[in-house]
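Below you'll find only one chain, the form predicted alone, shown as structure tokens.
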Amino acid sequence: MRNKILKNKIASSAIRRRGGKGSIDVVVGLQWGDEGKGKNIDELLSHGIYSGVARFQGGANAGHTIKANGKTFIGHIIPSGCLQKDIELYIGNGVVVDAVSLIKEMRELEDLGFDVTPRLYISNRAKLVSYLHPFLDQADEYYRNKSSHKIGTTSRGIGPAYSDIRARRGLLLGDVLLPDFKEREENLRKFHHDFLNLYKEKHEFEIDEKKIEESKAKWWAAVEELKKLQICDLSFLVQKRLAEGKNILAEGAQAVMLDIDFGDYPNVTSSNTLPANVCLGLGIPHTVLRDIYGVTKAYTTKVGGGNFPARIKDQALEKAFQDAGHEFGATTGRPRMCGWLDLFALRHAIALSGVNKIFINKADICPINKGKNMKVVIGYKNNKKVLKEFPFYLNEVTSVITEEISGWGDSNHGVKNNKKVSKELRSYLNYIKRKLADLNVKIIAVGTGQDRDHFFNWEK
């Protein structure tokens, strides 16, 4: 019955389409990433409302963990509908594609019993990550670290790949099918080597030539595999599906607070993560967009550099959240900083993204038992001044304003019925609902574990 309730909600939303034509709904993270979007995307796709799922930005620096029917898959490039055999998978032009990572994921899925090749479509205008991009990423981080301005990237070459495209010298995925691809790649390789040598001469960055040669061999082998895939004009294909009356779900990588324009620059990702970028990242008009689903955790986490105002100051308690929530990066394995739910940042993210429906994940993770209070951040201060607007730079924040509410321990793990929710968690969810009431958003479901069915419906 639980799934049927949510299915009816989605279906009723899907009915109001544009004259019988299909539409696109979007799922985005509302914090600093790692909100568990993959689970929500996978669950939404299980109702038969959508025919496909599309990635529209980011690259292999994002990790989406999906658990279903006893199987677990951590995807970085392949969209989160990969464990559902009737869902088409789209990689849009806004994505930077790591060929080695993509082929590796496809083989891992084959081992799990999922051959995604027939239903995977890649935009010929997607951007290609070269084998030297990760080394350029590492060199830049090395240089920044020497000047104490380290960003904390995943060193997967995402930033340099986007930089090359903006400088109009990068490679597009469709280029691998052209007869002069090797010549195009050689020109870019020479430019990259010059850059690496500059880091070596000016900043003493050590270039591991053996690793470069190993990466080169793996990359060229992956490129040969890429040529066998369905590389196409994805904008044309997606618009064709919409004209056929089919609905598509667009999934964001990273999250709103990491957007290159509106995040804590320069401690951001290299792409626009907001739902507004779906149009540019897939090549579709804004008129086809409908519901915007936002995903947040019941607390907040962050990786990488920059200030984190909501961070829990008690190191032992922060470690308890890390361990209970398995807060270690799916891409890097790095421990995530853990903080209280940051409603000031969450309201900012909702306003930027136009979210109208919210999933709250990891509500089963609360190392603070009932009878003891946890905190919620409701505002920022710069010295004694209370900030009304979100700060230009997060390092302007000197302290936070908090309110307290009772913890609930681990009593809600796996709960699937909202009538069985502990009164403390119920109070917490109602508290959040009141704090967001003026933004016209609904908390539609609350996650209580990693599996697809570990959640309960909340607001009707």
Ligand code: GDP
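What you see is a predicted model, and the numbers here were worked out from it, not measured in a lab. In case it trips you up, residue 1 is the first one in the sequence shown, and so on.
The following text describes the form predicted in complex with the named molecule, which does not appear among the structures shown.
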G409, heavy atom within 4.5 angstroms of the named molecule in the predicted complex: no
Distance check, G449 to the named molecule in the predicted complex, heavy atom within 4.5 Å: yes
Check whether K362 has any heavy atom within 4.5 Å of a heavy atom of the named molecule in the predicted complex, and answer yes or no. yes
Consider T65 of the chain shown here, and say whether it contacts the named molecule in the predicted complex, taking contact as heavy atoms within 4.5 Å. yes
Of H76, R241, H192, R336, the only residue with a heavy atom within 4.5 Å of the named molecule in the predicted complex is R336
Among 369-377, 354-362, 196-204, 261-269, the stretch whose residues bring a heavy atom within 4.5 Å of the named molecule in the predicted complex is 354-362
Pull the contact list for 34-56: residues with a heavy atom within 4.5 Å of the named molecule in the predicted complex, in sequence order. D34, E35, G36, K37, G38, K39
